[in-house]
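In structure tokens, one chain follows: the form predicted on its own.
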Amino acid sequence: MTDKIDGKDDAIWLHCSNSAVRRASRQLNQLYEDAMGDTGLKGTQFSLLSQIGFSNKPSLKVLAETMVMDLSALGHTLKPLIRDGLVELFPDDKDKRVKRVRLTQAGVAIQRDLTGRWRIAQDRFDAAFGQEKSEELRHTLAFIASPEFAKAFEGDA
């Protein structure tokens, strides 16, 4: 592993957590999307399908909070999934103003297929990075994505 770019040891990601995480995220997105194969779906869409399936018909607001997305970004990411018949929006039983989202049968099928492909990518990640380090990294990133971390970062804790 090298920390040099054009012979320099002072690459920005060695000093900036945000840059380091974004750079690593782009690399992982490329590797995991390659593992998704010819499905035409992006890693974000797979994550969204998985979260919808896991959350069991979440409201858009809860889904956006869980995914750490604003509602407009969530809507943008959902549009092609709705268009392709993988997810559908429906009104909440108790409050018709609240929109919920669920996987369609086609969405369930593709999410299952992609989970198998994701498992292969995840196993490769764990083998390359190390199982214990992988688990520690996921816990660390989950904390960074938490509201508690955001409050601490803002100085509200």
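Residue numbers here begin at 1 and follow the sequence given. Because the structure is a prediction, the values reported are computed rather than measured.
Just so you know, the form predicted together with the DNA exists too; it's not on screen, but the next bit is about it.
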Would V68, S72 and K96 all count as contacting the DNA in the predicted complex, using a 4.5 Å heavy atom cut-off?
yes
Taking 4.5 angstroms as the heavy atom distance cut-off, pick the stretch from 117 to 125, 49 to 57, 22 to 30, 102 to 110 that is near the DNA in the predicted complex.
22 to 30
Please tell me whether any heavy atom belonging to G85 falls inside 4.5 Å of a heavy atom of the DNA, as the geometry stands in the predicted complex.
no
Taking the DNA as it sits in the predicted complex, is Q131 in contact with it (heavy atom to heavy atom, 4.5 Å or less)?
no
For T44, is any heavy atom within 4.5 Å of the DNA in the predicted complex, or not?
yes
At 4.5 Å, heavy atom to heavy atom, what parts of 79 to 93 sit next to the DNA in the predicted complex? List them in sequence order, or say none.
K79, P80, R83, L89
